[in-house]
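Given as structure tokens, the chain that follows is alone and in the form predicted on its own.
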């Protein structure tokens, strides 16, 4: 559906003020998926999304949407192509002096391809779709932030686009409202077979609705994968930082000031992290392994969360036993859970006996 090939965007080239916003970005976004792009401020996220609908022209590279090469189109051809690409913004961009009904009708009135009766019918359908039928005659100042964004979504869908671009569309909203907007986008994706691209700096947004995600840093894609892969097994330092802001990983807080070493010493306890995914998140794995391997297992910390509708759990445990027993227990966990990571060995037992 969307294919970016070797996209470069340089502002003020060959001057002291030169800024390389995007550096050789190649990306393919499939039809019907919700694709997230996440990164810190200044990473190039907004430039990237504006290049997808050619609000910004790349310095070099090619942009294809639904088989059409946008980079070689004239301005008139681009205007026609953009009717199939909707966009919603962080600050809503509504006309303050127009009613909700008129804000949604505005792009249809500009296109001048439908009668007033046809526009009125389409606006009524769109407001019902975003659950704002009772707000049609209100003005933006009378709406909450979430309601304003719903108006923005209805307006973006007015021309029946195949692609919906969301530029930090939930960053001005509280968590509860953000969830309701993401649920609406997910529902619209199914109903209208939309391809949705979400630019965000919030990993909660990625976790809640995205099928795949690209991490962008300093104008480059540094990591790409399914939302599950990114949360469960992040590779790059930035991705790990972003994930840790949403999902607590690593050594439990209660052991931060305890002597934990990387190598086993006789009498030490192993501290391991277990990652459960899907149905295994509810299985009695710890009890089963403790019985099977004749070890004592203490839970140090844990949480159950969801990536969209798939449950995943992260539990840190301490295993007490001989070295052979600990190794058997770790091997048993590896057969039962998605991933096992040894965080270290707690020497408290050994030190107390000296």
Partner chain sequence: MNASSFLNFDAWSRIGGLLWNASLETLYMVFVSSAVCIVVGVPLGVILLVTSKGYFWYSPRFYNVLAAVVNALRSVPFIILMVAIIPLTKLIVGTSIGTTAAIVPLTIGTIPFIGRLVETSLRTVPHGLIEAAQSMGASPWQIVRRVLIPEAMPELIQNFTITIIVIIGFSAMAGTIGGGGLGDLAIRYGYMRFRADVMISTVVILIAMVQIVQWIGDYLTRMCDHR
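Here the structure is a predicted model, which is why all the values come from computation and not from measurement. Numbering follows the first chain given and starts at 1.
As for the form predicted in complex with its partner chain, it is not shown, yet the points below apply to it.
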{"item": "Stretch from 298 to 306, 316 to 324, 47 to 55, 29 to 37 whose residues place a heavy atom within 4.5 Å of its partner chain in the predicted bound form", "value": "47 to 55"}
{"item": "Partner contact for residue 176 in the predicted bound form: its partner chain, 4.5 angstroms, heavy atom", "value": "no"}
{"item": "Non-hydrogen atom contact residue 268 with its partner chain in the predicted bound form at 4.5 angstroms", "value": "no"}
{"item": "Residue 110 within 4.5 Å of its partner chain in the predicted bound form, heavy atoms", "value": "yes"}
{"item": "is_contact(residue 212, its partner chain) in the predicted bound form, heavy atom dist at most 4.5 Å", "value": "no"}
{"item": "Contact residue in the predicted bound form, from 93, 72, 124, 171 (heavy atom within 4.5 Å of its partner chain)", "value": "93"}
{"item": "Answer option from 245, 261, 141, 283, heavy atom within 4.5 Å of its partner chain in the predicted bound form", "value": "141"}
{"item": "Candidate spot 97, 106 and 155, all three touching its partner chain in the predicted bound form (heavy atom, 4.5 Å)", "value": "yes"}
{"item": "Within 4.5 Å of its partner chain in the predicted bound form: residues from 59 to 84 (heavy atom criterion)", "value": "79, 82, 83"}
